[in-house]
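A single chain, nothing else alongside it, follows as structure tokens in the form predicted on its own.
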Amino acid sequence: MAKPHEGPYPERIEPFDLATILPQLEHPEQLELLGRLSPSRVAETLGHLRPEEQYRILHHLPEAVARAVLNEMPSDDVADLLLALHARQRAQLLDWLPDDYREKVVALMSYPENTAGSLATVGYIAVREYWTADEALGHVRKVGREADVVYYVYVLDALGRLVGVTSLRDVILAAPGTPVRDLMKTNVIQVQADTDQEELTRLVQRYDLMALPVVDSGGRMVGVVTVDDVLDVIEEETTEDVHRMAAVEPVAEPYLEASLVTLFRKRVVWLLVLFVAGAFTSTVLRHFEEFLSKVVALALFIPLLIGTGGNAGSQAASLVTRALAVGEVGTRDVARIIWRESRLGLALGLALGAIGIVRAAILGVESDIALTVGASQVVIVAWASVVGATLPVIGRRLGADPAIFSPPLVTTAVDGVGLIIYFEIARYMLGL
């Protein structure tokens, strides 16, 4: 007799692992593997694949099976799939959906990308406030298998407006005749359908929610965004920020799957921008060429000074960019940020300046040059810290992604001005 955990081999593999295996198989092998799974299991598996792969598999499945799988997929996944397809392919799949479900999916498709509405699923449970707990529980039993979210029960009025929320736990534990209005919370944490996905993730993290209701401008329920979708958004946003902070345009495909042409396009633009910006440093050096010929020893410390200034600016930019991303600071805090970084930059500059003087002394340069290096280090680090911290805030105020002001860009911006600071301090302290 088979043990309880035994069964058809594919059913014992997690959907994510199945999705990893599928692309490595030929189409006949894919169909043979998926044919041993239930439609709901296939739908879960397809949810981990890209839209083009989802469609390719659905297209090769028997139509009856493909219809069943499509109707088992969460509505937000269906909307993403349809948006990625050609109009003719989209029309075919839309015909496979029931009329009421099709209307809801089409509504989700109308919201801009990267907004709460585009991420929402319509698979939630809704009840009326005048129902009893027993009636609400009966409704859960009736529609719960088709819902993507069952741990929250949303309360809607006759016009579909969200008026409250309760948990399935409270409904189960309540006395059968208890009205839902006595169980629900009316101060529902919710978002508008056009809310940016970054703001949505902050709310879910702040209030420890498993799902977040999405409403339209009239307060009518659009759907809910589940925590697994929020995790996907966090990963996507973090990847974009990492790419931008490395001066690379975000790459949607996995690194090894992206073509060389795509990677070239994503990287070359910023490299050209940084190259042009870096030319300013050469211009500054050319301007002070005669000055350097008089005091050659000053050239020894150029890499040290501009390198340290760039590093200080990059540190500040990274800290403030992350603080902006998680909502710790906003554009209104720019004055506080400048005040904080100016003091911190001055302290860091004094510490590094002292080390710079020691380093100059070890190299055997004259004391006045050593003091020039130390004083320049203080000013450059303080200035770079303020600039690095301020640029991301200015970017956010202008509507740009703060991560655009990446360490390479900040370093390039700091280098040229840092040289001017160094040479002007040297001119003053050395009396040239």
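So that there is no doubt, residue numbering starts at 1 and follows the sequence shown. All values reported here derive from a predicted model rather than from experimental measurement. Rigid core (definition): largest C-alpha set, two forms, superposition within 1.5 Å.
Quick note: we don't show the form predicted together with a further copy of the same chain, though the next part is all about it.
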Original post:
Is P303 close to a further copy of the same chain in the model of the complex, meaning a heavy atom pair under 4.5 Å apart or at it?
Top reply: yes
Subject >> Touches a further copy of the same chain in the model of the complex: W270 (any heavy atom, 4.5 Å) >> reply: yes
Original post:
E289: heavy atom within 4.5 Å of a further copy of the same chain in the model of the complex?
Top reply: yes
Subject >> a further copy of the same chain contact at A312 in the model of the complex, heavy atom, 4.5 Å >> reply: yes
Original post:
Which one of these stretches, 213 to 221, 99 to 107, 169 to 177, 84 to 92, sits within 4.5 Å of a further copy of the same chain in the model of the complex when only heavy atoms are counted?
Top reply: 169 to 177
**OP:** Would you confirm whether the three residues H27, L34 and Q190 all fall within 4.5 Å of a further copy of the same chain in the model of the complex, going by non-hydrogen atoms?
**Re:** no
Subject >> Sequence-ordered list of residues in 329 to 345 near a further copy of the same chain in the model of the complex, where near means a heavy atom within 4.5 Å >> reply: V329, D333, R336, I337, R340, E341, R343, L344
Subject >> Exceeds or equals 2 Å, Cα of P39 between the shown form and the other one, core fit >> reply: no
**OP:** Examine L212 after superposing the rigid core and state whether its CA is displaced by 2 Å or more between the shown form and the other one.
**Re:** no
